[in-house]
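Presented as structure tokens, the chain that follows is alone, the form predicted alone.
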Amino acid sequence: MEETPIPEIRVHPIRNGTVIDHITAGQALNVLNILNIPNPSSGVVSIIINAPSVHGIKDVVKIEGRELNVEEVDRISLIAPKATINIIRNFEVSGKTHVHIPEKVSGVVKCINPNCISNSNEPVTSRFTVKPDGRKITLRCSYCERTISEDIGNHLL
């Protein structure tokens, strides 16, 4: 039986904006959540989920008319430590950087311990130490010492 060739899927290039490449497979929707997309001022956004790559599978997010700030990139690094940020200007890549994993984050993640002081009514901001280990990230709460290493995207504030 002859296999039917799979048609090539094309995503249109963007004039100006950001392409977030090499996102950990399955994390593209969490990236959109970090970036507060969709919102009324969102431009065109393209999402590729589980795309084949030389290194396995990946997700890609393309955002027309927007460049990311440092805080957004730091948050993305927690769920996609191998991601690259490509700045597009006039259809060309004008800058390409790899995400930098911060040593500590504050006010970004909710502690998994319901009894942690950061989850109380006290005016305490959550704080975590970040420990990268290859493709995996472990967060340790600075208050109660609990760790989060799975589904970090589900705990983002």
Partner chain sequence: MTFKDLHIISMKSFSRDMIDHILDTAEKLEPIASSKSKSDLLKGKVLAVMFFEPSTRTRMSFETAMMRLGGDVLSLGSVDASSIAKGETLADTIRVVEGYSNAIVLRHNKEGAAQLASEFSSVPIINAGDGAGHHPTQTFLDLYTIRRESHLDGLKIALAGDLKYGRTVHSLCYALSLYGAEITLVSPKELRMPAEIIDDLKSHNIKVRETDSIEEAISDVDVLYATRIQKERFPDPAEYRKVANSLQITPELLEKAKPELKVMHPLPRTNEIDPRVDGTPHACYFRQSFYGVPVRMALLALVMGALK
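Nothing here was measured: the structure is a model prediction, and the numbers come from that model. Positions refer to the first chain, counted from 1.
One more form of this protein exists, namely the form predicted in complex with the partner chain; it is left out here, but the text below deals with it.
- The stretch in contact with the partner chain in the model of the complex, judged by heavy atoms within 4.5 Å, is 106-114, chosen from 92-100, 63-71, 106-114, 25-33.
- Shown alone here, Pro38 lies farther than 4.5 Å from the partner chain in the model of the complex, counting heavy atoms only.
- Though the partner is left out of this view, Arg146 does reach within 4.5 Å of the partner chain in the model of the complex, counting heavy atoms only.
- Among residues of the shown chain, Pro52 is not one whose heavy atoms approach the partner chain to within 4.5 Å in the model of the complex.
- Taking the partner from elsewhere, Val124 is found to have a heavy atom lying within 4.5 Å of the partner chain in the model of the complex.
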